[in-house]
Every structure is written in C-alpha cells, then in structure tokens.
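Here's a solo chain for you in structure tokens, the form predicted on its own.
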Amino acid sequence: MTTREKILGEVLQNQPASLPLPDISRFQGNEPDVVQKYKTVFESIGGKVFLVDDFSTMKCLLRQHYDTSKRIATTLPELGFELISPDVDPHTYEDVELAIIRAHFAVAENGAVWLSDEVMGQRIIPYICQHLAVVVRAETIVPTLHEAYEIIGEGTYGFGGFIGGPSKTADIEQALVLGAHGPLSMAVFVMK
C-alpha cells in the first residue's frame, strides 16, 4: 500500500455522517413581473433591453442602434446576417462588430443571461465582439439565481456561463470603464 492509498483510506474511514441538504425554498422568487424586473436590473448595470414581438421588429431595431455596414455574426438564421460556424477557426471572428446569439434563459435578480457552447456557436463570440446582443424568450426569465441553478443542474454542456451586461471594470482608481475586457455594449432582446 502506497502512502497515497493509506491517506485516502483514512480519509474515507473518517467521513462525517451525511446530512440532508437545507431547504432553500424561501429563496424562490415571487416577483409579479419578472420581465420588468429584468429590464430594470439589466439597464442599471449598463445594458439595454428591447421588448420585441418578432425577428422583423428586432431587425429594425438592430439597424437603428448598430452600424450594419460592419461585420455582424449570429447564430440565428432568421436575422439574415452571417452565420457563426462552430467548424471554423475562432480567430476568424476577431473583427466582429456585433454578435447576436440566443440565451437559454435570463435571471431577473441580477440581469444575467445563461449561455452554453450549444447556443454560442463559438465559445469566443460573446467575449471578442465589440457589441453583444442576446435574444431571450420572456417566459424563460426566472426570478432568482437559485431557480437558475435548478434549471442548469448537472447539464451536459461542455462550457457555459452567466453574462450580465457589458464588460466593465473599476480597478483603476475606482473609475468605471466599459468594454475593458469584452463587449463595449450589451443588449437583450426579450421576445414576448
């Protein structure tokens, strides 16, 4: 028996008794209007929220708020822009002005959206673009992170993360800088 095996054997013999997980039901949200709560929180952290009924309305808003003569990449074929391909070298996306992707869901209490590699097309997309737009269905907005983690569970995704607003930092002399290490702006299009 090696020293390692001896130590691990002793650790296994000295395990504390299992205890039931605590009841966290009190952390469930009871927000009457999660869409409005999400909008308020997300805008307070520097993002923009657009409530839209369909992709044609979204396309009009994109033309109004972004320079569509620059490179726009998306995972949503409904929008008619360049489609993000998971099969190309990620470095080819270094000059994307606007990336448009779908989120699995959003969280009202902190303004975050949940993205996995399944919806990103390329993992680098939401971090390398100049501006990020995310589409989320209104009925998928959850009130709290506790409810978000219940949805995520032990998912089968290879990569995932919450993104909440445009990139920002206040490390240098406590001055807020947007776009320090990611998108300069972030917009969420909530589809009703």
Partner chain sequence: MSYQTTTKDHAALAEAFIKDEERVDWHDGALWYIREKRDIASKGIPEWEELREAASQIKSNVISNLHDYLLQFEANLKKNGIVVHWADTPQEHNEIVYAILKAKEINQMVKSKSMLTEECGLNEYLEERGIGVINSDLGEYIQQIDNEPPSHIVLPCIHKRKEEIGELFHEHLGTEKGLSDPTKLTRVARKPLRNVFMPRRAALTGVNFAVAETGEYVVCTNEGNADMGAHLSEVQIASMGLEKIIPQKKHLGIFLRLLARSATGQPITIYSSHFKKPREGQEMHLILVNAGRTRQLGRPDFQNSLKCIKCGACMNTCPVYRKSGGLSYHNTISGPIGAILAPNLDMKRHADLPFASTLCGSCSNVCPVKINIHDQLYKWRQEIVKEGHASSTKVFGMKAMAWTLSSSDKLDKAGRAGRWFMQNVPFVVNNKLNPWYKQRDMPEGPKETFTEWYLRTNGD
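Numbering follows the first chain given and starts at 1. Between two forms, the rigid core is the largest collection of C-alphas that superpose within 1.5 Å. What you are looking at is a predicted structure, and each value in this text was computed from that prediction instead of being measured.
This next part talks about the form predicted in complex with the partner chain, which is not shown.
Engineer: Tell me, please, which stretch of 64-72, 150-158, 50-58, 133-141 lies within 4.5 angstroms of the partner chain in the model of the complex when heavy atoms are compared?
Structural biologist: Checking each option against the 4.5 Å cut-off leaves 150-158.
Engineer: Is there a heavy atom of V35 no more than 4.5 Å from a heavy atom of the partner chain in the model of the complex?
Structural biologist: Answer no; every heavy atom of V35 is more than 4.5 Å from the partner chain in the model of the complex.
Engineer: Would you check, heavy atoms only and a 4.5 Å threshold, whether W114 touches the partner chain in the model of the complex?
Structural biologist: Yes, W114 sits close enough to the partner chain in the model of the complex that at least one of its heavy atoms falls within 4.5 Å.
Engineer: In the model of the complex, does L8 come within 4.5 Å of the partner chain, counting heavy atoms only?
Structural biologist: Looking in the model of the complex, residue contacts with the partner chain include L8, since a heavy atom lies within 4.5 Å.
Engineer: May I ask you to state whether R4 is within 4.5 Å of the partner chain in the model of the complex, using heavy atom distances?
Structural biologist: Although the partner chain is absent here, R4 would touch it in the model of the complex, with heavy atoms inside 4.5 Å.
Engineer: Across 3-33, which residues bring a heavy atom to within 4.5 Å of the partner chain in the model of the complex?
Structural biologist: Going through 3-33 in order - heavy atoms within 4.5 Å of the partner chain in the model of the complex - the hits are T3, R4, K6, I7, L8, E10, V11, L12, N14, Q15, P16, A17, S18, L19, P20, L21, P22, I24, R26, F27.
Engineer: Cα of I24 displaced 2 Å or more between the shown form and the other one, core superposed?
Structural biologist: Yes, the C-alpha moves 2 Å or more.
Engineer: Spell out whether the Cα of Q174 moves at least 2 Å between the shown form and the other one when the two forms are superposed on their rigid core.
Structural biologist: It does not, since the Q174 C-alpha is displaced less than 2 Å between the shown form and the other one after the core fit.
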